[in-house]
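One chain comes next, on its own, written out as structure tokens in the form predicted alone.
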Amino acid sequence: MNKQELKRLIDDRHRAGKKVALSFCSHVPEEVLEAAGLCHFRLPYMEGMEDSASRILINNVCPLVKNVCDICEDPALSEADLILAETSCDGKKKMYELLTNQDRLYFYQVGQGADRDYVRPLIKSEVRYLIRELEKRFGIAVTDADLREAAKRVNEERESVLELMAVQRAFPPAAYGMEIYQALEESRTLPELKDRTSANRRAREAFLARKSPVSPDARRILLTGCPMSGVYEKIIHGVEANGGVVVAIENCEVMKTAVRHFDTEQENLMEAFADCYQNTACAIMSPNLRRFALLRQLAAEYEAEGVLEVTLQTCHPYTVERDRIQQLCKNELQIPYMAVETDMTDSDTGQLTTRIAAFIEML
């Protein structure tokens, strides 16, 4: 999605009488925004933004943080009603404090101690704070019934992502990873959850209805690491132009988010929020045992022959965690592993392609 497309969507939603919220991280509870009747877009990356980061931030900052800064500051998106400033990443957390228009921001605090007693109460209190803020800011009421129905719709979308990704378990996979990811990128631009769910399921049926274009000899690659939106083309193309096929994408925009489930039958909805959102296999969590468990599961289910980890420059949580992921692949999963570090430009495409090609040839 580019800013002209998003501006059009914001204008369309306003004409339909709806408010628009933007967020940049899967820690933000989408169920609350849906229950409040907001049109919500989660934007890991956007193209064509004005360069605001260079006047606000130092140069040595994660490219994702720079892109989020550009999105928030771009005049074309000034009509968005709410920006969820989550504190998952220290770079983003401090960047949000420097933005020009603080009135649109709402800071959502994210707990990072995966095994600490405080995390569940923090999630529950932050959800309550968010509900109260939306009710106050937009003059609405968010009921338990609204939250349960919204959670059902969010669960449906998550399940549709898992169903779409599951076509890659076949031999050969039903599609190239690039096709899967582009289908997901397109569905994310739709303003309604039900439409995103339907789009994912239509894409799945289309892939299953045709003969697979993937060679039976293509090496099966599991992607992991940082958010992929700004770099997916050069990474996935590097794999699939050189004898590989991406069969699973653990990264934030795909499996890591979709495997969470909200128990809509739970009597205490705040407990259900804590159950769901504590189960986020993010590198900011310490210890991050859930990510290792998820990688074990995906490597087995998709019969991966190699793991390719993608980290963004100066993204310290994922970069530092690479060593333990490498040891997991070597000592336990016993499949080859390679890590690449990149940014959201095309300057390193040739070098990345060469390295990825050599990795796949080694397989």
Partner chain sequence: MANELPQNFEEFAEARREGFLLMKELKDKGRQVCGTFCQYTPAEIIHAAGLKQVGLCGRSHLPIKTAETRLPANLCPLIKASFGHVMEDSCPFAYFSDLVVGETTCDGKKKMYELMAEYKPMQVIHLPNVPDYDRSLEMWVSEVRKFKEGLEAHFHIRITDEMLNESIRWNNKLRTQQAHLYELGKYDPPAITGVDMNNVTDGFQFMFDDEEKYRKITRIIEECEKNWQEGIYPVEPDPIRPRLIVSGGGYAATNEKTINVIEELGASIVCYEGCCGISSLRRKVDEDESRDPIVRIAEKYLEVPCAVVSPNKRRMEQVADTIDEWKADGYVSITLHSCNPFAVETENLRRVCAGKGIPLLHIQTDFTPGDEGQIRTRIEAFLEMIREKKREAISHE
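Positions refer to the first chain, counted from 1. What you see is a predicted model; the values in this text were computed from it and never measured.
Form predicted together with the partner chain: not shown, discussed below.
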{"query": "Full three-residue contact with the partner chain in the model of the complex, heavy atom 4.5 Å, for E179, E186 and Y277", "finding": "no"}
{"query": "Which of 332-340, 32-40, 297-305, 51-59 lines the interface with the partner chain in the model of the complex (heavy atom within 4.5 Å)", "finding": "51-59"}
{"query": "Position in contact with the partner chain when the complex is considered in the model of the complex, options Q109, S198, S212, T257, heavy atoms within 4.5 Å", "finding": "Q109"}
{"query": "Option touching the partner chain, based on a heavy atom within 4.5 Å in the model of the complex, out of A80, A218, V154, M285", "finding": "M285"}
{"query": "Touches the partner chain in the model of the complex: R104 (any heavy atom, 4.5 Å)", "finding": "no"}
{"query": "4.5 angstroms heavy atom contact with the partner chain in the model of the complex for R202", "finding": "no"}
{"query": "Partner proximity in the model of the complex: C89 to the partner chain, non-hydrogen atom cutoff 4.5 Å", "finding": "yes"}
{"query": "4.5 Å heavy atom contact, R158 and the partner chain in the model of the complex", "finding": "no"}
{"query": "Contact set, 306-331 vs the partner chain in the model of the complex - heavy atom within 4.5 angstroms", "finding": "T314, H316, P317, T319, V320, E321, R322, D323, R324, Q327"}
